[in-house]
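In the block that follows, a single chain appears as structure tokens, in the form predicted on its own.
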């Protein structure tokens, strides 16, 4: 039975925002942890680690996120693992995010002037100490704006979790549309909610970029 779009339907869409945000936070934090190791391996002096990290990044950057979610969700079933859409979405988005953040942070690490690397090495610092005390503190300032900017992509990427059955904002919109048959209204509201989530982060990223780009006095 077709029903009109009303207050309850709007509340259902808003309630789904919490799952979009929670999935984004999990993917961003998990991806950040894995991505840091990927970035460090990518800039390591150990060639096998560099090659492994490079291959990891190329696999996840070279394949669609939707296919990665399919492989995690249906691949777990093939392996006999009972994985819910929630867990599959979290794992797939975390792996994807780690590859992109790893590459972003690799560029930030390598943006530190070579003289800093050489000076630290001349003081006898090995790779762990060099990164901890010299390189990473400088790379963090460069990394903050693109990292915040990429969080916008993570939030928008959670919409693909609807394909494997996880009820976040986009899936909630599909459910409401199937009951009301008002796609323009329903998905217009869904798009407006995504915009309200992402636009402030985009502005923050731009302000941080301008702040850190400004010459220090």
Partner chain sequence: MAVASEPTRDGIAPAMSADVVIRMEGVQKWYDHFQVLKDIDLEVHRGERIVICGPSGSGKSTLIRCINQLERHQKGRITVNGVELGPHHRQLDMVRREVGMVFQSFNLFPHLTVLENCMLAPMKVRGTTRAEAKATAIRYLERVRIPEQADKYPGQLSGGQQQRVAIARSLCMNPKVMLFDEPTSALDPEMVKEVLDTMIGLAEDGMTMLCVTHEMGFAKSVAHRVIFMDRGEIVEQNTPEEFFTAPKSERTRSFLGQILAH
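Residue numbers count along the first chain shown, from 1. Only a predicted model underlies this, so the values are computations on that prediction, with no experimental measurement involved.
We do not show the form predicted together with its partner chain, though everything after this point is about it.
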Mark residue 88 yes when one of its heavy atoms lies within 4.5 Å of a heavy atom of its partner chain in the predicted bound form, and no otherwise. no
Close approach of residue 111 to its partner chain in the predicted bound form, 4.5 Å, heavy atom: no
With a 4.5 Å heavy atom cut-off, would you call residue 118 a contact of its partner chain in the predicted bound form? yes
Contact label in the predicted bound form: residue 78 to its partner chain, heavy atom within 4.5 Å: no
Considering its partner chain in the predicted bound form, find the one stretch among 70 to 78, 121 to 129, 94 to 102, 143 to 151 with heavy atoms no farther than 4.5 Å from it. 121 to 129
Taking its partner chain as it sits in the predicted bound form, which residues of 129 to 145 have a non-hydrogen atom within 4.5 Å of it? Please list them. 133, 134, 137, 138
